[in-house]
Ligand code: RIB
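First, one chain by itself: the form predicted alone, in structure tokens.
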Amino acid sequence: MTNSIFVLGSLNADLVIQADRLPTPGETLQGSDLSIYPGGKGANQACAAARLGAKVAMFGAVGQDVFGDLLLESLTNSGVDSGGVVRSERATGSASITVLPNGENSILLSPGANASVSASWVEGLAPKLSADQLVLCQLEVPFAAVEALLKISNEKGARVILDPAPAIELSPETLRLAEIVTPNQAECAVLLNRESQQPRTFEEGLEACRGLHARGVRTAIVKMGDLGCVVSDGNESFAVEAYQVDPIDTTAAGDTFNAGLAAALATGSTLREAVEFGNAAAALSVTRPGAQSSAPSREEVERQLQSR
């Protein structure tokens, strides 16, 4: 069984500087030369899923500028159907990213054209959705647009994977509309209204999954960085350890995980198999610079899986 993947989300130009540390308030700090990569959570997930062999269509907005050209070219080169990406009068969204020596990053977003994605526009996409599709969405476009997609997907019977990033509070009614919700540690704490209590161990991650179920989440996958992830569908729960790699840049690791998860589910994999696949894809992505440029191929992920 092979299902197509429908992605609604952001498209950003990532402006990346390497630095030894983050500047303090009022400080000017010397960094590396500027690197520009195609990014945005939606486009990252679309490109990564396509590179992993899935049939993917992307929906969103870019500006009528060179960054918009860059993003459309990246989608096309990755094998994504970009016919659902419109050109806005607003500038293309961007992300200013500082990457530290250990690969960790700090990101400041400028939404630009992403902010022009409206609920009414998404409602017009309803004829393009069907029950045999997997839907990927995140929160870098206006929430009203994401909520509209969640409702339409449920009416159509499509499976939805919601990446609740950037983190905002979501109601149980909204969370119930997604089949799978995939927060990282910080996003999980926001969803549970306990921002000072991020899960730091697998045991705490599984406890957080139970809290997410109480909040309406059907299947919870808590991404825990270099630990791995924990998974619970209310009946079965398990942890998957991360691969031991030397990270260069963790930008888009979570996006690559979600793309791998979706690509595997689209070919009939079980939840555990799909999580293992996404975990391997994310591990490979952090050993390379950039967002979309770091996404591995299906063959690379399969070799990574065989290495365990």
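Predicted model only: the values in this text are computed from it and were never measured. Residue numbers here begin at 1 and follow the sequence given.
Below: the form predicted together with ligand RIB, not depicted.
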Under a 4.5 angstroms heavy atom criterion, identify the one residue in 72, 191, 95, 148 near ligand RIB in the predicted bound form. 95
Single option in 262, 50, 275, 252 placed near ligand RIB in the predicted bound form, where near means a heavy atom within 4.5 Å: 252
Heavy atoms, 4.5 Å, ligand RIB in the predicted bound form: which of 171-179, 211-219, 105-113, 118-126 makes the cut? Say which one. 105-113
Give a yes or no for residue 291: in the predicted bound form, does one of its heavy atoms lie within 4.5 Å of a heavy atom belonging to ligand RIB? yes
Can you work out whether residue 39 and ligand RIB are in contact in the predicted bound form, taking contact to mean some heavy atom pair no more than 4.5 Å apart? yes
Applying a 4.5 Å heavy atom distance criterion, does residue 285 contact ligand RIB in the predicted bound form? no
Select from 63-89 the residues with a non-hydrogen atom within 4.5 Å of ligand RIB in the predicted bound form and write them out in sequence order. none
